[in-house]
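Coming up is one lone chain in structure tokens, specifically the form predicted alone.
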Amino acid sequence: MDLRLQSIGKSFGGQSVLRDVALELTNVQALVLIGPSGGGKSTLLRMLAGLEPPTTGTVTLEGEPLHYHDDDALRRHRARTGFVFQAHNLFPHLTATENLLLPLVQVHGMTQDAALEQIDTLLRRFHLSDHAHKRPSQLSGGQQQRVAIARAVAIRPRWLLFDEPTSALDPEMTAEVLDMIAELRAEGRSFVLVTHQMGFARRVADHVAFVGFGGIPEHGQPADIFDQPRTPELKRFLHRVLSY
């Protein structure tokens, strides 16, 4: 994954969330975004997904700028991006199989038979076969998030974006979902992950960016970020989150 953020700014209703953000990464497989709540991590992730345009600046992925005001280009970008939300965002009236089937047929133009064959493989792989015909309300939180990850993987995206995928889960379910993300990393999948799980961030990241205070005060290799933080902002943040 080659990613460049150039002079990125974002405001909502006159309130600035991100200001003049710059980041340039080459050949990174797993980028993890850490930082305080409300610091702009999720906003930045939504920009990368093409769901939120920056107020100023340019996002470039694999050498190609994201054209936020070109509907066709934006649809193509979103179709190649697997996004996993905090609250999984499954359709409540559809079964697990139907939640995976809908984007494959309606967005990616697969035949129903081909899509069902691919879905069956994914559900078996993610240990969800027994839950294929259950609706989200019949699944545990961890199972729902595994269905959401399977849906993101099903479209064969060029990258995956995870927005705090374990924030609403208990410790056992959190471990279940993190194990799945670690498996995807081991397969060579490229992804950007927003998380408050510092131990996991350290284990899976090639590169860590500390997002907060309107920008990215510090970024680097996991060992440097967690063992040798340079900026006062990052030092304070790590002291708070690693104290307990």
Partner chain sequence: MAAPVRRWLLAPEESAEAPHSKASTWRWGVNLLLVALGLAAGFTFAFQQLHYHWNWSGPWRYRALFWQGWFTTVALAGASLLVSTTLGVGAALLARSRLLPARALVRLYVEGIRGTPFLVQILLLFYVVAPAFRLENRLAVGVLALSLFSGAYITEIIRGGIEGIGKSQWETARAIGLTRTQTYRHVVLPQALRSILPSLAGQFVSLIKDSSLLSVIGIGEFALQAQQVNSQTYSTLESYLPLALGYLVLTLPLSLWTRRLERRAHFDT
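Positions refer to the first chain, counted from 1. All figures in this text were calculated on a predicted structure; none of them were measured in a lab.
Another form, the form predicted in complex with its partner chain, is not on view; read the next lines as being about it.
Peer 1: Have a look at 116, 73, 168, 79 for me and say which one sits with a heavy atom within 4.5 Å of its partner chain in the predicted complex.
Peer 2: That would be 79.
Peer 1: Just one of 175, 182, 28, 51 has a heavy atom within 4.5 Å of its partner chain in the predicted complex. Which one?
Peer 2: Partner contact (heavy atom, 4.5 Å) among the options: 51.
Peer 1: Looking at the partner-bound form in the predicted complex, is residue 46 within 4.5 Å of its partner chain by any heavy atom?
Peer 2: Because a heavy atom of residue 46 falls inside 4.5 Å of its partner chain in the predicted complex, the answer is yes.
Peer 1: Is residue 131 close enough to touch its partner chain in the predicted complex, meaning at least one heavy atom pair within 4.5 Å?
Peer 2: Result no; residue 131 lies far from its partner chain in the predicted complex.
Peer 1: Do residue 93 and its partner chain share at least one heavy atom pair within 4.5 Å in the predicted complex?
Peer 2: Heavy-atom contact with its partner chain at 4.5 Å: present for residue 93.
Peer 1: Mark residue 142 yes when one of its heavy atoms lies within 4.5 Å of a heavy atom of its partner chain in the predicted complex, and no otherwise.
Peer 2: Although its partner chain is absent here, residue 142 would stay clear of it in the predicted complex, with no heavy atoms inside 4.5 Å.
Peer 1: Taking its partner chain in the predicted complex, which residues of 125-140 have any heavy atom within 4.5 Å of it?
Peer 2: Read in sequence order, the residues that approach its partner chain (within 4.5 Å, in the predicted complex) are 135, 137.
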